[in-house]
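A single chain, nothing else alongside it, follows as structure tokens in the form predicted on its own.
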Amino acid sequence: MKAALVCGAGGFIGSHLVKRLKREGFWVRGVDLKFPEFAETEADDFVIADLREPTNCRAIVDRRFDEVYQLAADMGGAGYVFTGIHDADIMHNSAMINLNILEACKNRNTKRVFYSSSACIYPQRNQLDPNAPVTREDSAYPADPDSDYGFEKLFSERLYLAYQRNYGMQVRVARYHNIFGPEGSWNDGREKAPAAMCRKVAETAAGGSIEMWGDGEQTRSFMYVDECLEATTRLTRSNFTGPVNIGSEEMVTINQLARMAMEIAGKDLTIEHIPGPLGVRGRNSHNDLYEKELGWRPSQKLIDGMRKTYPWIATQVEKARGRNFA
């Protein structure tokens, strides 16, 4: 039986990845600071551990794993990443995790390691036009991310590639573009735009209004978690190192995203635009390289993923209301 290690298995993507690997017949160890919040983990072995500590990483990587997925990071949505008040924690915590995990894997001769980087590494100068952002993989340099989160991700990409060159490891690096779906953050300040819009719509009675940072004309693309996992496992098992984008090419404005949530909910709401952290003006995945190297590109429409996500978040909203009235 093949064995896999999922770092960040208590988080949104990591918990879904554990389920997929179990369906594929892997023995899976998950590790995180916390258990998954919204469902029991399906990992064969789940360890609560702080991966910023080298001794913990050495204990976790106590054998040679066939596949390691390094998703653990200090991260969140715009309200967490772009305020500036978390920059030191984001850079320190995530860099320490990557340094420790790579060294532990090298010392156990675990060669195949997937690293989840981010579209936030792309230069802000190429993302000023909301209708024509540039996110080709070769556009990453000269480096100029719009956040220290992006700079840390770019550093860690180079760290993984250096370990491959110097130690014969087989690293795989992907730049995730806004992954969403059920069982993710939805009300803790780390949620991404799809979850935030679904929550606001679910919390608001018909005829009311929701708040949105900025004018809502900033653009993004959003990829449903199942397609992210398909792209991730294909890349990990391929002969292509990357870095490569993993995301959807269906670009929408945040206004359109909010209206999509309203349509699913059957509510007619108004949008109140307020000041707030925004990130770059436009961002969209560019998937030609992934298709060239792996012969696959995502196909699921955003509306289909939102139809799966909104009911789950609406249920969480109702549960929270019930607790508040209890």
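All residue numbers are counted from 1 along the displayed sequence. Keep in mind that this is a model prediction, so the values were computed, not measured.
FYI, the form predicted together with nicotinamide-adenine-dinucleotide isn't displayed, but the following is about it.
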**OP:** Quick one: find which of 113-121, 247-255, 229-237, 126-134 has residues within 4.5 Å of nicotinamide-adenine-dinucleotide in the model of the complex by heavy atom distance.
**Re:** 113-121
Subject >> 4.5 Å heavy atom contact with nicotinamide-adenine-dinucleotide in the model of the complex for all of Leu154, Val173 and Val280 >> reply: no
Subject >> Partner-contacting position among Asp44, Asp288, Glu263, Asp50 - heavy atom within 4.5 Å of nicotinamide-adenine-dinucleotide in the model of the complex >> reply: Asp50
Original post:
So in the model of the complex, does Ile13 come within 4.5 Å of nicotinamide-adenine-dinucleotide, heavy atom to heavy atom?
Top reply: yes
Original post:
Contact between Tyr160 and nicotinamide-adenine-dinucleotide in the model of the complex at 4.5 Å, heavy atoms?
Top reply: no
Original post:
With the partner left out of view, is Leu33 within 4.5 angstroms of nicotinamide-adenine-dinucleotide in the model of the complex by any non-hydrogen atom?
Top reply: yes
**OP:** Using a 4.5 Å heavy atom cut-off, state whether Ile97 contacts nicotinamide-adenine-dinucleotide in the model of the complex.
**Re:** yes
**OP:** Select from 221-242 the residues with a non-hydrogen atom within 4.5 Å of nicotinamide-adenine-dinucleotide in the model of the complex and write them out in sequence order.
**Re:** none
